[in-house]
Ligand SMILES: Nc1ncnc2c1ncn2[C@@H]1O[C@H](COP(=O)(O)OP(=O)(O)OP(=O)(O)O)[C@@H](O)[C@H]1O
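There is one chain below, alone, in structure tokens, taken in the form predicted on its own.
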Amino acid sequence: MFITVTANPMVEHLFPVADLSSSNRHRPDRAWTFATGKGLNVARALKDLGEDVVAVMAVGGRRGREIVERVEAEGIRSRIVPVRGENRAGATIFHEGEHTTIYGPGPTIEDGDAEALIATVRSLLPARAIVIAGSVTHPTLYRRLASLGAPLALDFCHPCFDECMRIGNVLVAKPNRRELGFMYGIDDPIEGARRLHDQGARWAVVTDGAGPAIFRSGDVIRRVEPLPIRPVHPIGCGDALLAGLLHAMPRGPEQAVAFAMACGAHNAARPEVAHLEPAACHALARKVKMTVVSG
């Protein structure tokens, strides 16, 4: 079983538009609404891939109730931790791969909320991995989750990232290139993957939007080219990639990398957020091109 933790989930509305000019009034004839947040997106993708997964979420207010209703309607197993305040609302408008996103403020996670989240995760152990992903307002929550002893998949940008890495048992560390620069002052993805591996990550992954991704496992670094798909929007692509990697790890490094990239590309080509069709992802995985740049 996998456990995902989403400390700051939201209700996100997605709108396709004819262009992204700020002065225009847009009236799209289609729209999508999802309960999102990085950990929840990973849970959705893992469920679609047939994995046993539980999404632990901090929810509050009217939007919190909507998040719970949407997650239940999708059939995603969840454990809810009630918090004071109102969960976020977000909106993304997109056109042919370009997008603009607005995310509102979420509730502050108090000490009692953090204790409840940690206790909920602890009650679900053991797990194949705890996925700690997305934004957080509590200064020690992620570090304390990392101390529970389970394998970790880390995908967030916060000053405590380095501390979580030092705690150990990191199965996957997956910052993107911008986050790598913010947290470590490193711009080169290959150098960043080496740094994460040297800190103990069994898999170090550095994504770069529509650019190549870097995967390091063991002593091998693979540079993987993006698949030639027609992009819709990038929301959830990194989360789908992480889910694909976790799912495919038992097949060996090369197949796991190819499938992870395929899941990210499949997500980018659809308006939904981290909804995966396994057969389509397997077909895309056969087209992935990678180069060993170190080994």
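The first residue of the sequence shown is number 1, and the count goes up from there. Owing to the predicted nature of the structure, the values given are computational and were not obtained by experimental measurement.
Form predicted in complex with this ligand: not shown, discussed below.
> Does the trio A210, I229 and L241 actually contact this ligand in the predicted bound form, every residue with a heavy atom within 4.5 Å?
Result yes, every residue of the spot touches this ligand.
> Considering this ligand in the predicted bound form, find the one stretch among 190 to 198, 80 to 88, 173 to 181, 139 to 147 with heavy atoms no farther than 4.5 Å from it.
Among the candidates, contact is made by 173 to 181.
> Exactly one of V59, L245, V56, A265 has a non-hydrogen atom within 4.5 Å of this ligand in the predicted bound form; which residue is it?
Of V59, L245, V56, A265, the residue with a heavy atom within 4.5 Å of this ligand in the predicted bound form is A265.
> Look up in the predicted bound form whether P253 has a non-hydrogen atom within 4.5 angstroms of this ligand, and give yes or no.
P253: no contact with this ligand in the predicted bound form.
> Can any non-hydrogen atom of G236 be found within 4.5 angstroms of this ligand in the predicted bound form?
Output for G236 is yes: heavy atoms within 4.5 Å of this ligand.
> Is it the case that A45, even though its partner is missing from this view, gets within 4.5 Å of this ligand in the predicted bound form, heavy atoms only?
Contact check for A45: no, nothing within 4.5 Å of this ligand in the predicted bound form.
> Flag L40 as yes or no: does it have a non-hydrogen atom within 4.5 angstroms of any non-hydrogen atom of this ligand in the predicted bound form?
It does not: once this ligand is placed as it appears in the predicted bound form, L40 has no heavy atom within 4.5 Å of it.
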